[in-house]
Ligand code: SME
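Let's start with one chain on its own, the form predicted alone, as structure tokens.
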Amino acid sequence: MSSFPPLSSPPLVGAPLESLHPLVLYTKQSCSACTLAKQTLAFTPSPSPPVLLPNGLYRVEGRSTLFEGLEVCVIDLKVDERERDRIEFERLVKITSRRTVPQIFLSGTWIGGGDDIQRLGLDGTLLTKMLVEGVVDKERVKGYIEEYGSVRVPPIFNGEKEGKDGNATVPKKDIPYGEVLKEIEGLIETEKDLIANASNVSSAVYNAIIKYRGARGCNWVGFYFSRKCGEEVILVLGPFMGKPACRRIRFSEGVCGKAARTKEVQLVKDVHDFPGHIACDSASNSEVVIPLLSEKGEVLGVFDLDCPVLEGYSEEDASFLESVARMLVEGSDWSLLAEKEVEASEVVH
């Protein structure tokens, strides 16, 4: 393992911050790309307040919950407000040749920005790099792969894992709903585009569940939007996180259709007991669907979550997801979908 001082240690005078800790993220607040980078690394800040550094920057201490004991250091830059931040930012530009954040360093070496870290996590390169650099040891990597059945960071569902009783289980770990709602508010407060907002909401909710409940917490999170198709209004697939899904669903079919038809939340403990359930993914065993309603009560679409275990979602989860749905509806411009019909297709789900 590489030797780094504990996060609680004072920084070395004159040493670049990225050389002091295994993982260092330079970020800005209210930055969606920075938020996604933190989610990729499963960054959880410590309860202690931010540390004021000699150069006037603030360091946020924390750890990656995916790897026990792996320390992560986040440096928040406010280049529009403080000249000292701009000096630090310009130093980073010389290293990375980029004027964007986040900027991520592994063992003192720059490995990329937000898109880069997600790509490296997706194809397993990030896990390999951490192993090679000695940031995580072989036993941690072995345990990670055994736990999640994947080399992806963050993990995704890759098949059910049986408990001692032979049944697939999901950790009953609470999700800090307030924190996630605040994060989503930051992602959409300055953006009106529906597709952009729905994409970020899908990612934020998906990663929050994976972070706190593990790979079996969910296997699909996304949206279907109401679209006029000839004389019929149907649900058409929108932004999502997970495997490829059913493209079109009628209001008369499936859990999503019932949510749209009745304008009521559908909390299904066992989808196999639901009449007419549409099995887009055979791994799904439970589901919750939230109708997206306008101020006039019109059905704009549905917010759909699947889980690979039975009883994957609770009433508290559904209430949280309703709040998320309201934020998306109120914070987005829906005129694009209303103005254009979709062409008729023989393919429905």
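Residue indices: 1-based, along the sequence shown. Predicted, not measured: the structure shown is a model, and the values here were computed from it.
Quick note: we don't show the form predicted in complex with methionine sulfoxide (SME), though the next part is all about it.
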*Say methionine sulfoxide (SME) is put on the shown chain the way it sits in the predicted complex, by superposing the C-alphas near its site; is the site then open or blocked (3+ ligand atoms within 2.4 Å of backbone or C-beta)?*
open
_So if I measure heavy atom distances to methionine sulfoxide (SME) in the predicted complex, which of the stretches 241-249, 179-187, 94-102, 192-200 falls within 4.5 Å?_
241-249
*Within 4.5 Å of methionine sulfoxide (SME) in the predicted complex, heavy atoms considered, which of Cys280, Leu292, Leu321, Cys34?*
Cys280
*Give a yes/no on whether Val255 approaches methionine sulfoxide (SME) to within 4.5 Å in the predicted complex, heavy atoms considered.*
yes
*Phe225 within 4.5 Å of methionine sulfoxide (SME) in the predicted complex, heavy atoms*: no
*Look up in the predicted complex whether Trp220 has a non-hydrogen atom within 4.5 angstroms of methionine sulfoxide (SME), and give yes or no.*
yes
